[in-house]
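Taking the form predicted on its own, here's one chain by itself in structure tokens.
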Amino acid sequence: MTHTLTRRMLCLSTALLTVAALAPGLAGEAKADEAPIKLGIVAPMSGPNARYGAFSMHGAELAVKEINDAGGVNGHKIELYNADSQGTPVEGVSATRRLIDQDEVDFVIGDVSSSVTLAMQPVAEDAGVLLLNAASSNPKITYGAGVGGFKWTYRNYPTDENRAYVVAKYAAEERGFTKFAVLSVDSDYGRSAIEFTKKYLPEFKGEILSEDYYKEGEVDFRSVLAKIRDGGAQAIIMYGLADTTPIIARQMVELGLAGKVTLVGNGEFNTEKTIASAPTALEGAVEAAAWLPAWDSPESKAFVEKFTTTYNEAPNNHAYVHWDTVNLLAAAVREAGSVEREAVRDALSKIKYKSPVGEVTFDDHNQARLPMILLQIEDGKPSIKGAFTADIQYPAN
């Protein structure tokens, strides 16, 4: 039997073959257009800082759910992957590599610990993966980012330097303090906060009259406080341990400093337990925070309510900053109109993001210019005085 191939049949056959040949590619393009945004979280899920890691994950999970329930980002849903840093640099590096190599994430948020984040930076840089930090405060992370070298590291969190600058500025300009004594914890945190304070204090015509540091577990501060009392300081700059603050406050009362010398810095001055330990010593104390559940904005209140309902506990700072950072990343993807890494990175550099605390932009070191909340203890209760910003004066490269 002879089969005759007409011109019409030939054209139809050719068209079908062409469609068949193109179909895999078309299917691939459609799949790529709907591909999820793979986001990794590096946090301490075990070890002594596991509670911080749990809050971090819950904050990120809540943001992802809200975004995905609203249709995703430009049609892309977010897939969240987590990896345990255990709070150590070695494990943090391993966790980051697993997320990049095995889970093939394009974006990473982490870590709570500054030492872990510093170790993660070169890993993200080598892979060309965006590392968006939400909770580490060591200024070295920022010094080494952007024009400092690591192009793929960004930070949506104030540094210890930001905090020291904002506190010094408020203490001088709003409270009129010019004479200070130092009583800080003898650690990298306590000492670096004072070094940054010294960097900016001359700008406000302030001077440090005495400088002392205490060891963890120390309980007798009477001789140092007597020296401060007799030296004429108006305020004590203290970056210290939460458990030590009540001890110092009670001994301030004993030695007659309460109501005469004010605590400024960061040592959980604002907690109910600390204030109750020595109300007269804590009255007027000044402290800076990245965020507080009591912050009065509709977005912040809505977050607190939803988090509390979802997890049956109130959020802490780590929950908030990870929730906010996921939303920041989503905003950058929208601005970029793409999920391509470089496009999102470029959009992040130019973004003007409206956070619940205030507008966020980034400087040339990829550090967020974001407000810090200033608290002052008034009538035995923390009173929010507003959100304040300060631009970092970077050392010459």
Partner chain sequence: MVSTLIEQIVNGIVTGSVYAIVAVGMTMIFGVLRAINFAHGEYYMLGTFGAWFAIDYLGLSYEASIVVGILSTIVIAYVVGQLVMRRMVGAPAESGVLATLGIALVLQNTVILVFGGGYKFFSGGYIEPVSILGFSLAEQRVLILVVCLLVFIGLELMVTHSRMGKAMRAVSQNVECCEVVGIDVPQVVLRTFILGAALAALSGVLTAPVNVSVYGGMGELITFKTLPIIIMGGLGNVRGTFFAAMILGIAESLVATYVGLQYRDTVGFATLILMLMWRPHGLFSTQARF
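If you superpose the two forms and keep the largest set of C-alpha atoms that fall within 1.5 Å, you have the rigid core. Positions refer to the first chain, counted from 1. Predicted, not measured: the structure shown is a model, and the values here were computed from it.
A second form of this protein, the form predicted together with its partner chain, is not displayed here; the remarks below concern that form.
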| property | result |
| --- | --- |
| Within 4.5 Å of its partner chain in the predicted complex, all of Arg97, Asp103 and Glu125 (non-hydrogen atom) | no |
| Any non-hydrogen atom of Glu283 within 4.5 angstroms of its partner chain in the predicted complex | no |
| 4.5 angstroms heavy atom contact with its partner chain in the predicted complex for Arg222 | yes |
| Contact of Glu268 with its partner chain in the predicted complex (heavy atom, 4.5 Å) | no |
| Contact label in the predicted complex: Lys205 to its partner chain, heavy atom within 4.5 Å | no |
| Partner-facing stretch of 340 to 348, 66 to 74, 356 to 364, 47 to 55, counted where any non-hydrogen atom is within 4.5 angstroms of its partner chain in the predicted complex | 47 to 55 |
| Among the candidates Ala302, Ala226, Val147, Ala314, the residue which, in the predicted complex, approaches its partner chain to within 4.5 Å (heavy atoms) | Ala226 |
| Listed residue (Pro89, Pro246, Pro139, Pro293) with a non-hydrogen atom within 4.5 angstroms of its partner chain in the predicted complex | Pro246 |
| Heavy atom contacts to its partner chain in the predicted complex at 4.5 Å, residues of 176 to 208 in sequence order | Leu183, Asp186, Arg191 |
| Shift of Asp103 between this form and the one not shown at or above 2 Å (CA, core fit) | no |
| Core fit, then Gly128 C-alpha moves 2 Å or more between this form and the one not shown | no |
| Core superposition between this form and the one not shown, C-alpha change of Val147 at least 2 Å | no |
